[in-house]
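One chain follows as structure tokens, the form predicted alone.
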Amino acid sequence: MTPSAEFTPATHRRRLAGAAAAARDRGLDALLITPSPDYAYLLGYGAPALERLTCLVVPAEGEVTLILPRLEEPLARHELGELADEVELIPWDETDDPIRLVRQYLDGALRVGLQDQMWARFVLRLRAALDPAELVEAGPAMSAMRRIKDADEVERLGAAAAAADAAMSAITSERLSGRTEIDVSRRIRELLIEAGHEAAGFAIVASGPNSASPHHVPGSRMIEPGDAIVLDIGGSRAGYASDTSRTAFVGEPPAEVAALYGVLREAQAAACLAVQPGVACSEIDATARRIIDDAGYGDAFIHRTGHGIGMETHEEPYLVASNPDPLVAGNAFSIEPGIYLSGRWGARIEDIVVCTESGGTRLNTTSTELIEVE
């Protein structure tokens, strides 16, 4: 079943109530949410981020208010639908001071959470206007909600993963040698859209020595026989992100490459198998890292094992040694160890995994074997 592009109004009512509860749990009087994934998560539409302030005021107790430029009011009412009867819209005119309106609707709040991606121009003005209120990050409150995906969100992530898998299978079925990295990257973006993504977010194509750079930007290098190629691709479908990586090799890989890749594949599979509710994020990272360390490649694994995924490609929870948080059912994240030999070659395997009550479920289902391509 293809996920609907929209969630129900009941979903957004529940999320708004959850945001208020999360604010209370953290001792906050209110959350201020400007256009961002948090805003879209709560209200169901992506308002434009403008130099004119749009600010959703979610008090710990009381009615939710949306302060927005008057020219944005028609869009907001259209996108909110019946939710517009429950969120008070306060449009402001070009000569008004929206910061004053925010202060008015906060009604003396002393501890306020600001959306993590709020523009500095608004943060600085709010800090002055709300003094002596304490301004803190809203991130922990919003993350407490967004990091646990419901069944509808998991369905969307699964559909996005399936579309990314289709694009990956298609590109690795084509001849890659004799083409530039940027040409292959452009082709991947086409394939992501053809497979059902609304937007192709990224298409890393890192060949030969470039494959040892985890976030290489595809360029004019010509792919040649004997090259390893790291392919890291993803986009957005029905509002949720995809992200998968596979490693290909042009021709038959030499024994050294095959052996090293075998270590990586073992580490990635072990980390996927270790996923269970209650297991610390740091332990998933350690599971992959121990195998790579024991094989003598510890210094070549230069990033964390994974990141959360949802409406954003990178969000909580992060699978890194410094994160002791336990996994809970509904967490969705990448598991993507890599080995990178500077100046020579690199490899990465990445799947999106959802933690369930009975363990981890891979949403990406293509083979993790080293892919031989022409």
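Everything quoted here is computed from the prediction, not taken from an experiment. Don't overthink the numbering: it's just position in the shown sequence, from 1.
The form predicted together with a further copy of the same chain is left out here; the points below concern that form.
- Among residues of the shown chain, Met118 is one whose heavy atoms approach a further copy of the same chain to within 4.5 Å in the predicted complex.
- Not displayed here, a further copy of the same chain is kept clear of Ala329 by more than 4.5 Å at the level of heavy atoms in the predicted complex.
- Although the partner is absent here, Val136 sits close enough that one of its heavy atoms falls within 4.5 Å of a further copy of the same chain in the predicted complex.
- At the 4.5 Å threshold, heavy atoms of Gly178 stay clear of a further copy of the same chain in the predicted complex, well away from it.
- The stretch among 258-266, 121-129, 239-247, 223-231 whose residues place heavy atoms within 4.5 Å of a further copy of the same chain in the predicted complex is 121-129.
- The three marked residues, Ser173, Arg187 and Glu194, fail to reach a further copy of the same chain in the predicted complex, with no heavy atom of any inside 4.5 Å.
- None of Arg100, His303, Arg111, Arg290 but one reaches within 4.5 angstroms of a further copy of the same chain in the predicted complex through a heavy atom, and that residue is His303.
- Checked against a further copy of the same chain in the predicted complex, the candidates Gly296, Gly278, Pro74, Pro254 yield a single residue with a heavy atom inside 4.5 Å, and that residue is Pro74.
- If you take 299-325 and check each residue for a heavy atom within 4.5 Å of a further copy of the same chain in the predicted complex, you get Ile302, His303, Arg304, His314, Tyr318, Val320, Ala321, Ser322, in sequence order.
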